[in-house]
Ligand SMILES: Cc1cc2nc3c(=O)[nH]c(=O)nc-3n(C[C@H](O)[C@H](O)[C@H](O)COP(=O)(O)O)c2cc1C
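Have a look below at one chain only, the form predicted alone, in structure tokens format.
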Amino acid sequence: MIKKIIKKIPGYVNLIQFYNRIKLEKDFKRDKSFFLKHYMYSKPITKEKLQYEILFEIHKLEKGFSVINPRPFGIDKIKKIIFNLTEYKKNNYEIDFEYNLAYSALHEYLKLYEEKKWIDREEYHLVKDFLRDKPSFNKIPVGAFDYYKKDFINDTKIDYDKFISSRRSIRNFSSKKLDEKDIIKAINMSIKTPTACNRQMCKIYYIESEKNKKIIEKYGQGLGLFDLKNANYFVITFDISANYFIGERNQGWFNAGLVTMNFVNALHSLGIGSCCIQFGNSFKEEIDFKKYLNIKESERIAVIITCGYYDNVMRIPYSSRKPIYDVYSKR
């Protein structure tokens, strides 16, 4: 009744538009502040900062390994990796993937310089001196290798058009419980998604508890027509801490989109239907949502995925696509 009365006020539409614009500007300002607070060089040394910087520098270093006829390279990257490993020791951080990868990279670098007889160079002695203590670590493949067409070409001979055409957004699911093996398999396929400088900034959260499912249903938009009884939920995020300059302010959304597409296609290959739910909530709602689900402050919520095994029959919209000439053009 009150809404009907308010709607009769002269200028009501303009008032609502003005109010929405104020809200929008407020959230954009919060997005800016959030980025400046959490991006890679916005704060003192933390473990997560060291982890992302190690991945970033090693990726740059691997490009040097990948050159067919390499020249001496990477002294600046080497210095940063050594600095980061020194900080690991200084802060007594637990040994992890990035730590092992960094030491593996230094050993491969030393090995390459010895093979090329570049042992009189400054960078070689920097690495050799740093590794003199022979720290223990788990070796991880790093550097570069020859990738032969004959080894993978047969794996590409699938009807991919048929596969992706058979995947549709599904809103009702089988009552069968998701198998942990299928979840792990889908995640492993998603991990292979290309990411910005191999920083791997995205995370996938499986929302398993009934309590947390209610949080999804409270904040998720457009769930009204879903079979919530049999729905399973995943949340995909990206970490602002992985971004190293302002030009990457949108990089997380792009990376999360790639991961999401790989993930839903992986689910499809395992007989699991899915639908992506946009997280179009306000900045304040996102903060509350992360607190409820115990998601790290520096992460942004990219998308919610609802999914479940395919039922025998599902009712779906046609969702017809534009003709190709509306999408593809030459310049």
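Numbers follow the displayed sequence, beginning with 1. Quick caveat: nothing in here was measured; it's all calculated off a predicted structure.
Keep in mind that the form predicted together with this ligand is not shown, yet the notes after this line are about it.
Visitor: Name the stretch, out of 275-283, 50-58, 32-40, 291-299, where some heavy atom lies within 4.5 Å of this ligand in the predicted complex.
Guide: Checking each option against the 4.5 Å cut-off leaves 275-283.
Visitor: Might residue 169 be said to contact this ligand in the predicted complex, defining contact as any heavy atom within 4.5 Å?
Guide: Residue 169: yes, in contact with this ligand in the predicted complex.
Visitor: Applying a 4.5 Å heavy atom distance criterion, does residue 312 contact this ligand in the predicted complex?
Guide: Output for residue 312 is no: heavy atoms all beyond 4.5 Å of this ligand.
Visitor: Taking this ligand as it sits in the predicted complex, is residue 72 near enough to touch it, meaning that at least one heavy atom pair lies within 4.5 angstroms?
Guide: Close contact is absent here: in the predicted complex, residue 72 is far from this ligand, nothing within 4.5 Å, heavy atoms only.
Visitor: Although the partner isn't part of this model, could you tell me whether residue 113 comes within 4.5 Å of this ligand in the predicted complex, counting any heavy atom of the residue?
Guide: It does not: once this ligand is placed as it appears in the predicted complex, residue 113 has no heavy atom within 4.5 Å of it.
Visitor: Using a 4.5 Å heavy atom cut-off, are 222, 226 and 319 all in contact with this ligand in the predicted complex?
Guide: Yes, each of 222, 226 and 319 comes within 4.5 Å of this ligand in the predicted complex.
Visitor: Can you name the residues of 195-213 that have a heavy atom within 4.5 Å of this ligand in the predicted complex?
Guide: Heavy-atom contacts within 4.5 Å come from no residue here.
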